[in-house]
Ligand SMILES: Cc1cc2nc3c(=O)[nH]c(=O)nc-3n(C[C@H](O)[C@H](O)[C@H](O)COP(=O)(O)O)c2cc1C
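Below you'll find only one chain, the form predicted on its own, shown as structure tokens.
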């Protein structure tokens, strides 16, 4: 299984066996993380591997997942650092899934002060992982996701590859399964927006940006798998425009 195939089989694992993973596997995961290209090159980050087997590490919050291992990412707080963090962590999640291990994002949990103090930059998010105590995979049709019609506006007829990219994006995990992304799609570009939620804006704004990065990882992995050249930019014509229900994020140009 490669990372693209993992998009369609992955599910969030919340129950794990308290079993150690061979160091060779952990080292391979860390090497993969360290070699990942960033979405934004000039943002400094650090990954930290945390073992929870012998010494319990402090993660707190209503959605804490007890797992044998965690990977944390800390980052400089500049530009699109939240989107960048989500983008990198989803690739790590899919890579771990492709190796036959389970993962779960800790969007509603945070490390305690002692663990935070060991991080070089500001803590962003963690990924729990390990050997699952139940089934690891699920069929993509079992994923609870909004229908395409609720997420996507097609302005032009597009080919099956672009629709497959959108399908991969739809399957991305998000905090509380909020699925904040919205798409306006043309033959040669995809405009990406965050759905505005006035009631929960202050609570969800940062988390939604991490989720957008997670979704972008799926979108770009699908593009690579399908041999589609893409580039990402922000269009001034949309960046400076006020939308009633959505906030513009970026545009993916195809070809």
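As the structure is a prediction and not an experimental result, all values here were calculated from the model. Numbering follows the first chain given and starts at 1.
The same protein has a further form, the form predicted together with this ligand, not shown here; the description that follows concerns it.
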item: Position in contact with this ligand when the complex is considered in the predicted bound form, options 184, 109, 136, 115, heavy atoms within 4.5 Å; value: 109
item: The unique member of 210, 39, 190, 29 whose heavy atoms fall within 4.5 Å of this ligand in the predicted bound form; value: 210
item: Partner proximity in the predicted bound form: residue 173 to this ligand, non-hydrogen atom cutoff 4.5 Å; value: yes
item: Residue 223: touches this ligand in the predicted bound form, heavy atom cutoff 4.5 angstroms; value: no
item: Proximity of residue 162 to this ligand in the predicted bound form, heavy atoms at 4.5 Å; value: no
item: Residue 166 within 4.5 Å of this ligand in the predicted bound form, heavy atoms; value: no
item: Contact check for 63, 105 and 125 against this ligand in the predicted bound form, heavy atom at 4.5 Å; value: yes
item: Per-stretch contact check against this ligand in the predicted bound form, the hit in 174-182, 115-123, 76-84, 150-158 (non-hydrogen atom, 4.5 angstroms); value: 174-182
item: Interface residues of 11-26 toward this ligand, as seen in the predicted bound form [heavy atoms, 4.5 Å]; value: 11, 12, 14
